[in-house]
Ligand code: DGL
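Just one chain follows, in the form predicted alone, and it is written as structure tokens.
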Amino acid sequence: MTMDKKRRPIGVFDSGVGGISVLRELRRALPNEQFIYYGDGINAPYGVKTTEEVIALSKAAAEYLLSFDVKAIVIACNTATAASHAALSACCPVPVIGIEPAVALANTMRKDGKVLAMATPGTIKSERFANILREHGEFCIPMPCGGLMEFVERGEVDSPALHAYFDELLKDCKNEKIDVAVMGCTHYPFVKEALKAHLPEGALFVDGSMKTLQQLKEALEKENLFADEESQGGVALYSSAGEDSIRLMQMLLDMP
């Protein structure tokens, strides 16, 4: 194992800017690592595309990241994970780590109320999500959120239009006691503060980034690929949607 192999970057991709929420957690936990982030904004949203379309787009994103000689790939997109994780794991020469709605974790945090699992229509319809519900969904309300990620893609994380969206989305849940909201799309953590006004006081929020981080660490350890402690970490941002999208990524990356 050469030092150069350890210094190779970690690739992260999403359908747009949402995966920045995952990248932030990875950077905090792995400050010595170099990251290459690719947002496929020109083809967003993935959540309304067919499984075949998402697999094709995910393969193209993975090939782009592999051109940077990455040592691992993180699919920072629930929809892409559900559709393409198996396909990418089979064809990529590096470890591939996905993300999925943290319904199981939310169940451990639930008291006597319900778990609201918010995700894209594509994730909600996937077989992977169906398996999650079969195992952990007894107290879960699946909530397809068509159109929500587009607010984040516009940099709109707290606006009258967003609050009107939540009013309409959650109108049938007004009488439900929601203990935990699952942020089942990597875009959704950026609208958490706005969402709080539409859920019961004290409702908790959870996403899948911590499990993804754990799995990435395990993959790097297994292959002895952790960057050395003296290595200087960093991030390079790329987008199929151009410079405006990259500027939005940087703004979201810098949010506290």
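Computed from a predicted model, the values in this text were never measured in an experiment. Numbers for residues come from their place in the sequence shown, where the first is 1.
What follows is about the form predicted together with D-glutamic acid (DGL), which we do not show.
- Remark: residue 102 does not count among the residues lining D-glutamic acid (DGL) in the model of the complex, judged by a heavy atom distance of 4.5 Å or less.
- The shortest heavy atom separation between residue 208 and D-glutamic acid (DGL) in the model of the complex exceeds 4.5 Å.
- Contact between residue 83 and D-glutamic acid (DGL) in the model of the complex is not found at the 4.5 Å heavy atom cutoff.
- Within this chain, residue 185 lines the site of D-glutamic acid (DGL) in the model of the complex, having a heavy atom no more than 4.5 Å away.
- With the partner omitted here, the stretch from 198 to 206, 62 to 70, 222 to 230, 185 to 193 that lies within 4.5 Å of D-glutamic acid (DGL) by heavy atoms in the model of the complex is 185 to 193.
- In the model of the complex, every residue of the candidate spot (47, 77 and 149) has a heavy atom lying within 4.5 Å of D-glutamic acid (DGL).
- Shown here without D-glutamic acid (DGL), the chain has 120, 123 in 119 to 136 lying with a heavy atom within 4.5 Å of that partner in the model of the complex.
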